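In the form predicted alone, a lone chain appears below as structure tokens.
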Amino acid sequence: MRLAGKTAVVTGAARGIGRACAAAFAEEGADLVLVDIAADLLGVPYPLGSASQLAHTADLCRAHGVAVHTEVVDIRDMAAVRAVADAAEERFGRIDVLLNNAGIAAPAGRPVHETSEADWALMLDVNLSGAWRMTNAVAGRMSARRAGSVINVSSTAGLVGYRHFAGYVAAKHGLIGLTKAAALDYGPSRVRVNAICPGSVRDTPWVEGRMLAEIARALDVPVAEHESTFVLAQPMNALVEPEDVAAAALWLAADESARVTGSVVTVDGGFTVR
């Protein structure tokens, strides 16, 4: 029970990596505030997590005997984000962990000169500014308590470039920069800020993920062949599992990483070693 007595806020919790991390936190005793837009978003060409998927994540977590509160929130809305932080503290009294996981994989699949200003703005607003808003609303509260862990889910796209994904790459690189700057801001008050960079994460059925499939679609890779195609680029000859990312997030959330801040943890099977 490495997180017993702690409260964690998880964004993008309806499915995918968010669900895997929420379940791992619950298994280790954390009470949870699960956040998701739980609706489709204009400009994103695929369905986002739904209200029923968010409820299912909550049920999976409650099965471990922890308390769970859900919030349907668009992280582009600063007032709504602040209300989440208020609700979390009102319900649980404190926020110990913030996992900034919410993100989108598209609009993408075009070179820079074919990317519209609206598509560029949307990608940065969700994938970078959303994490900034959540951190803005939560980190000061953690700092006042002189304890807390903020975990930003970036990507290998935060470390290297990908053709036809300029907006996604820029946002994920920015998230690494935000992590390092915030680690310095809050280090004196013992609030830790770290980032995880997952590689190609398999869309495991139990988490109902679809991020890898949507990246494949944007690259014109046949969805039926996308796993075998992505495996070819993996030094370990295997895709990353959602549980692999959750294990890294759990370590960063727990007390055994008490002196780790400003770090970037890659969970990519060696992809960025090359």
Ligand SMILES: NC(=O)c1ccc[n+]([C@@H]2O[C@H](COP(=O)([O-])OP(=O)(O)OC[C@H]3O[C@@H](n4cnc5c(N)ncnc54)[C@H](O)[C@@H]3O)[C@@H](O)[C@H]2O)c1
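All figures in this text were calculated on a predicted structure; none of them were measured in a lab. Numbers follow the displayed sequence, beginning with 1.
The same protein also has a form predicted together with the ligand, omitted here; what follows describes it.
You can rule out all but one of 90-98, 178-186, 139-147, 197-205: in the model of the complex, only 197-205 has residues with a heavy atom within 4.5 Å of the ligand. Under a 4.5 angstroms non-hydrogen atom cutoff, the ligand in the model of the complex has residue 102 among its neighbouring residues.
Contact annotation for residue 165: none of its heavy atoms lies within 4.5 Å of the ligand in the model of the complex. In the model of the complex, the ligand sits within 4.5 Å of a heavy atom belonging to residue 73. Although the partner is absent here, residue 17 lies within 4.5 Å of the ligand in the model of the complex, judged by heavy atoms.
Contact annotation for the candidate site: 41, 126 and 209 all lie close to the ligand in the model of the complex (heavy atom within 4.5 Å). Only one of the listed residues (247, 48, 67, 60) places a non-hydrogen atom within 4.5 angstroms of the ligand in the model of the complex, and that residue is 48. With the partner omitted here, the residue from 153, 131, 193, 171 that has a non-hydrogen atom within 4.5 angstroms of the ligand in the model of the complex is 153.
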